[in-house]
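Encoded as structure tokens, the following chain is the form predicted alone, with no partner shown.
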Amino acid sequence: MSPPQQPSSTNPNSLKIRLTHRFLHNLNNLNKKRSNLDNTQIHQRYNRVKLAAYASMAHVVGSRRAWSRAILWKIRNRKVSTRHKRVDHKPTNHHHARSIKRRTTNHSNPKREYVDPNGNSGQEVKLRKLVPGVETMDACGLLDETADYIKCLATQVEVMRNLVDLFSTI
């Protein structure tokens, strides 16, 4: 018989513990700015909580992964760009844009796998769209980054579920 294994959550350096601490820290910063909320502010708050979750996940992993570097870079540049946001008041003709898109649609065989001009398969192209920071990575690195990203997302979901369970019993 094998000895019982210790759960990883008791290790203070585990991903779950670090992610929980960072996420709670970010949520605490959001709660300091709390006021009476209308519908627009609720939507903004939702986006801030989502951003806090991604920021805490990327911060815990650090700069050793391409996806975490991409998320942190995007968050940093988002803060700069929102301060210097340029507003264009050009009316857009959405109907015209849709009709152009319809005309340029490729009606190829749906059973054939798509291959982009760089030789990437359709599944590889889909992964590159889902995982941040892997646009120019080779296939092996792409799979490695994707596996780590999925592991961190699963940990983030578990942490958030535990937090919801904890706060719903209070």
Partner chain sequence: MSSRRTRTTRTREHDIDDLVSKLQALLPSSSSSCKRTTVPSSKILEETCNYIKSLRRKGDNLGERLSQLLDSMENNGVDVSIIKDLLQP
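Residue numbers count along the first chain shown, from 1. Since the model is a prediction, treat every value here as computed from it, not as a measurement.
The form predicted together with the partner chain exists for this protein as well; it is not shown, and the discussion that follows is about that form.
Candidate site formed by 55, 61 and 70: none of these residues places a non-hydrogen atom within 4.5 angstroms of the partner chain in the predicted bound form. In the predicted bound form, at least one heavy atom of residue 21 sits within 4.5 Å of the partner chain. Contact annotation for residue 138: at least one heavy atom lies within 4.5 Å of the partner chain in the predicted bound form. Contact annotation for residue 151: at least one heavy atom lies within 4.5 Å of the partner chain in the predicted bound form. A residue is said to contact a partner when one of its heavy atoms sits within 4.5 Å of a partner heavy atom; residue 14 fails this definition for the partner chain in the predicted bound form, lying far away. In the predicted bound form, the residues of 134-165 lying within 4.5 Å of the partner chain by at least one heavy atom are, in order, 138, 139, 140, 143, 144, 146, 147, 149, 150, 151, 153, 154, 157, 160, 161, 163, 164.
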